[in-house]
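Heads up, the chain below is alone and in the form predicted alone; it's given as C-alpha cells.
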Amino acid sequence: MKLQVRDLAIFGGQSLFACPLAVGNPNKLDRDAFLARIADVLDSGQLTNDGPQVKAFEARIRRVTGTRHAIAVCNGTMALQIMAMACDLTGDVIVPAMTFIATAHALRWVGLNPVFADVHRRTHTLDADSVAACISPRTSAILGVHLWGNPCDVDRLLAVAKQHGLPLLFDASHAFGCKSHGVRIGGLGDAEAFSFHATKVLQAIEGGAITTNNDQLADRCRRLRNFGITGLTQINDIGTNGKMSEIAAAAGLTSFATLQDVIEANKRNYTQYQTGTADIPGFDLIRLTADHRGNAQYVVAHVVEQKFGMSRNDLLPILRAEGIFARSYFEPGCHKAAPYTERQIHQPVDLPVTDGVLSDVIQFPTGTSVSSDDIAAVTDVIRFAQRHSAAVDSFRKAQNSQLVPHPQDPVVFPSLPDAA
C-alpha cells in the first residue's frame, strides 16, 4: 500500500510486483494432457499435412462458431492473407485505423492497399459511415475488426457492403467464443479470420483459422494453404505453405479443455476491475458489448485527463514502475505507422475518434495468472495516482528526477520535458 507520493516505485519506492503482471500473459496448458497428445502425434508418424489433430481441432472450431467450414492455418496473419487471396481482392481494402498492425500488414503483404476508416468511441469497432466515405472505384472489400471481442456493427457494415457490391470480411482475432445478438462470431459476413496465438483465450501456441459458410470459398482457402495443390500433383492456384502443424493443433485441442475456465476467470477479473474503479473520476472502463461479455479477454479503459488529473501517458510509467505492465495499445495507430503515412493513399478521411482514443486508452493485465489480490493492488494504485495527481506532478518537478523504471521493464520512460 502506498501512503505517500514518495512511496511510489517511480520515485524510488518499492515495487508492488517484483514479478511483473503483464498484458497478454499466456494461460497455461495442461502439461500432462498436452504431452499425451504430442505422444499420439509422434506415434502416428504424421506431423503435418492435415493430420487427425488438425481435423479434430477444425471440428471443435466449427462447433463453437456454428459454421460449416473451419480451415486451420499456421497463424492469424496467414488466416487474413489466405482469406483475402481466396476472395480475389485487388486494390484497396477498408480497415479500421485502430487495430493491431498485423491487420494492415497482412493485406499489404499480398499486394493490397489498406485504407483506414474511423471507429466508434464506445466499442472501438469500425464506423460504417466512415467506411462509406472511404469507398472509391479501387475498393474491393471491407474488413472489420471485432476489437477487444466487441462485435462490429455487422448490420450497418453489411448494408454498406451490399450497396456497393463489396465482400464483408472480419478479423476476429480477439473474439473467439463471442456472440452478437445471439449470433456466434465466425459466420458473419463472407468469412472471418481467427488467431490462436499463445496470448489468446484459445491458443495453439501459434495458429489461426478461417471460418465461413461459403463452400467454394472454403475449398479455395484449403487449396491456398497448401501451395494451391489439388489431388496428388495438380496445381490450380498460386498458394502458399500456411498449414497448421499437428503439434500446434494438439496444443489447440488441449486449450479447448480449459476454454470456459479461462473465460470465466476473465469475466471475474473484468467485474473486479469494473467494481474497483467505478468511483475513480476520469477512469472509464470500456464496456464489453458482446453477449454476456463475450470472452472478457481484454480490460481496457480511457484515462480522461481533465477528470483524472493526469494523462494516460503520465499514469502509464507509474503503473509500470510498480510492475503493472499496462499497455497503450495501439498507439500511434496504423495510419501513423511509417509504412502507411501517405495520407492520400491510406487515409482519405479524418480519424478524430481513432486519434482521440489512441491518446487516452490503456490496457491492463488479466487472465488466469492474475489473482483477485493482484487486481485489488492494481486498482488501489490507480486510485492513489488519481487522488494525488497534483502532488505527483509537484514531486516530479521539485525533484527534477529521472523516473525509476521497474528492473524488468524493457521500456524506459524519460523524465517529462517540464520536469527539467
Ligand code: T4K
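Just count from 1 along the sequence shown to find any residue number. Fair warning: this is a prediction, and the values are worked out from it, not measured in the lab.
From this point on, the text means the form predicted together with the named molecule, which you will not see here.
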Which among 156-164, 102-110, 212-220, 120-128 is in contact with the named molecule in the predicted bound form, heavy atoms within 4.5 angstroms? 102-110
Counting heavy atoms only and using a 4.5 Å cut-off, do V23, S173 and H197 all touch the named molecule in the predicted bound form? yes
Though the named molecule is not shown, can you say which of L224, L315, V145, I263 has a heavy atom within 4.5 Å of it in the predicted bound form? V145
Name the single residue among T254, Q347, T77, S245 that comes within 4.5 Å of the named molecule in the predicted bound form, judging by heavy atoms. T77
Closest heavy atom of H302 to the named molecule in the predicted bound form, within 4.5 Å or not? no
4.5 Å heavy atom contact, R184 to the named molecule in the predicted bound form: no
Look up in the predicted bound form whether G207 has a non-hydrogen atom within 4.5 angstroms of the named molecule, and give yes or no. yes
Distance check, R327 to the named molecule in the predicted bound form, heavy atom within 4.5 Å: yes
